[in-house]
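Just the one chain here, laid out as structure tokens, in the form predicted on its own.
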């Protein structure tokens, strides 16, 4: 496995989550790694239709496992989850949860859940890795502001034999340049990118 993949999960271009992606990439590079960025908003992702096709197709792998696999670009986003040494996400929080486009892609991961449940070798034998994430919320309060997003992402990455590290979570970062204005917060994001690469190297 090689490189890091950073998923930019915001609907908005040039916002705080995009800035966090830049900082994560900088941290990976400081540690001697290389990182590719994939903006979820740039991909055509159809919603899971709960048809059960993936449950009934154990002989199928990859794009052919899902009835929608050749109709959209979800698999292009999934592919690095199998090959990247380091996986990172940067996401805003909308109404106490992940953005809809990002969540739609996660829901398409049902196919991997079923394959893992059945211990199919193509997914059951993936190497153990750790996924990292940055959550950014405009809301300054709320005891469980990040909890729904954390749990969803935790069980999504588990399908790829990853453990989700404790998220780096920021509150009250709402305006387009709020993160840029807070040098200490930016340092934490860079440090996370650096740490993620060093721990996996």
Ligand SMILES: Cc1cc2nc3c(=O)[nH]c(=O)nc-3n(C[C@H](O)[C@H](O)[C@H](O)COP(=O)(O)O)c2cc1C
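Residue numbers count along the first chain shown, from 1. Owing to the predicted nature of the structure, the values given are computational and were not obtained by experimental measurement.
One more form of this protein exists, namely the form predicted together with the named molecule; it is left out here, but the text below deals with it.
From the candidate stretches 102-110, 89-97, 76-84, 123-131, select the single one in contact with the named molecule in the predicted complex, where contact means a heavy atom within 4.5 Å. Looking at the other structure, the answer is 89-97.
Does any heavy atom of residue 42 come within 4.5 Å of a heavy atom of the named molecule in the predicted complex? No, residue 42 sits far enough from the named molecule in the predicted complex that none of its heavy atoms falls within 4.5 Å.
With the partner left out here, check for me: in the predicted complex, does some heavy atom of residue 165 sit within 4.5 Å of the named molecule? No, residue 165 sits far enough from the named molecule in the predicted complex that none of its heavy atoms falls within 4.5 Å.
Does residue 30 reach the named molecule in the predicted complex, with heavy atoms at most 4.5 Å apart? No.
The named molecule contact in the predicted complex: residue 12, any heavy atom under 4.5 Å: Yes - in the predicted complex, heavy atoms of residue 12 and the named molecule come within 4.5 Å of each other.
Could you spot which one of 35, 66, 153, 173 gets a heavy atom to within 4.5 Å of the named molecule in the predicted complex? It is 173 that has a heavy atom within 4.5 Å of the partner.
At 4.5 Å, heavy atom to heavy atom, what parts of 121-153 sit next to the named molecule in the predicted complex? List them in sequence order, or say none. 136, 137, 138, 139, 145 sit within 4.5 Å of the partner.
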